[in-house]
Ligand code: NAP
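To begin, one chain is listed below as structure tokens, in the form predicted on its own.
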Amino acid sequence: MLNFSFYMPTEIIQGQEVVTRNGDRFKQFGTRALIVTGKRSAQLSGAFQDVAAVLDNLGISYQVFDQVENNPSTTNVVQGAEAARQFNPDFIVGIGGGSALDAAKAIAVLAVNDFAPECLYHGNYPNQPLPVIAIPTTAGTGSEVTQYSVLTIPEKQTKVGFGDRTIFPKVAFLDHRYTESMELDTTRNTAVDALSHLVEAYLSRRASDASDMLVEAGLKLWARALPDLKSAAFSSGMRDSLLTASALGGMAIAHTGTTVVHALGYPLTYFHDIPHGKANGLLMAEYLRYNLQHARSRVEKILKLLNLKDIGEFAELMQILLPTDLRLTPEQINEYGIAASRTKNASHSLGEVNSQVCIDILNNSLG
């Protein structure tokens, strides 16, 4: 008997030229749109031009907030919310990678709720967030189909996510052509981000039959893209497989949350400027080794679906995709490990993820 509950309110429309061919979806949300994006990806990918053409054709007025930072901070999304309040949009269009999409969700809340950004983490917002349309230009975060937004909190010197059902995007447009402008490192880093979501969802205390089905389908697609990822010969088929795998990973973690890999990866991003997906990937082999004692059959199933013979081969793959000379000091390992063990991500992990477990994963990965 299957045992699960499933909630996915985001309409997913995938294919080439989906924005142009489905422009009518925009007009159901109003006549004024704020486009939230970063400096480059929306323009380089062609997504911005497609959205602007559709909005112009529909007579929908729009303004652009293109100040989203990599790993946006609470201060950054407050700036976006101020821009939104000045323009008074009916809905938000987020275009970009995880940073832009996460910022779009936070801005959608803050634009209509007059409170400090810390209140994002409390939920139960007095006013319903503005509707969000999400258009990813990377194949990694799956943010286009989740109720999560991860922001950098400078005072805490880390990234912290918040989640609320009201910030699920209303529509996600998936067009692999928008990911073709990514450079090699970004393609690989974001692909490993998608992989980490799939792996963590499968090895979560909150895994269910529903999330397992999503993960297994996603891992098969990710494996299909692996030869191109290794050779850097990026075909359209690879881009499409990764974009779908990323969305499936997003749908999975929407139900399971992420695990200690994310908690351990955040300080690598904050203190060492390691991209999020790469940070996760540098730790994942040791995370799999840790899980052998708690879910050996699941670890073996992950490796089988990826067409890898063992964790050693998985570790070699990460070294190929994510070369690094980063090494942590014992003091850093101790500090990051203790902090990670106290997070909600750790509580979602299998077994008892205490500070020593976290320290061991960091030490064996980057010590």
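Counting begins at 1, following the sequence as shown. In this text the structure is predicted, and so the values were computed from the model without any measurement.
Heads up, the form predicted together with the named molecule isn't pictured, but that's what we're talking about next.
- Of the listed positions (Gly281, Gly94, Gly98, Gly80), a single one reaches within 4.5 angstroms of the named molecule by any non-hydrogen atom in the model of the complex, namely Gly98.
- Proximity to the named molecule in the model of the complex, defined as a heavy atom within 4.5 Å, singles out one entry of Thr158, Thr244, Thr74, Thr186, which is Thr186.
- Using a 4.5 angstroms heavy atom cutoff to the named molecule in the model of the complex, none of His255, Val357 and Ser365 count as contacting.
- Tyr178 belongs to the set of residues with a heavy atom inside 4.5 Å of the named molecule in the model of the complex.
- Not displayed here, the named molecule is approached by Met182 to within 4.5 Å at the level of heavy atoms in the model of the complex.
- Mapping the unseen interface onto this chain, Thr138 counts among the residues with a heavy atom inside 4.5 Å of the named molecule in the model of the complex.
- Within 4.5 Å of some heavy atom of the named molecule in the model of the complex lies at least one heavy atom of Thr190.
- Contact annotation: the named molecule lies within 4.5 Å of heavy atoms from the stretch 35 to 43 in the model of the complex, the single such stretch among 338 to 346, 295 to 303, 35 to 43, 56 to 64.
- If you take 135 to 165 and check each residue for a heavy atom within 4.5 Å of the named molecule in the model of the complex, you get Thr137, Thr138, Thr141, Ser143, Thr146, Tyr148, Ser149, Val150, Lys159, in sequence order.
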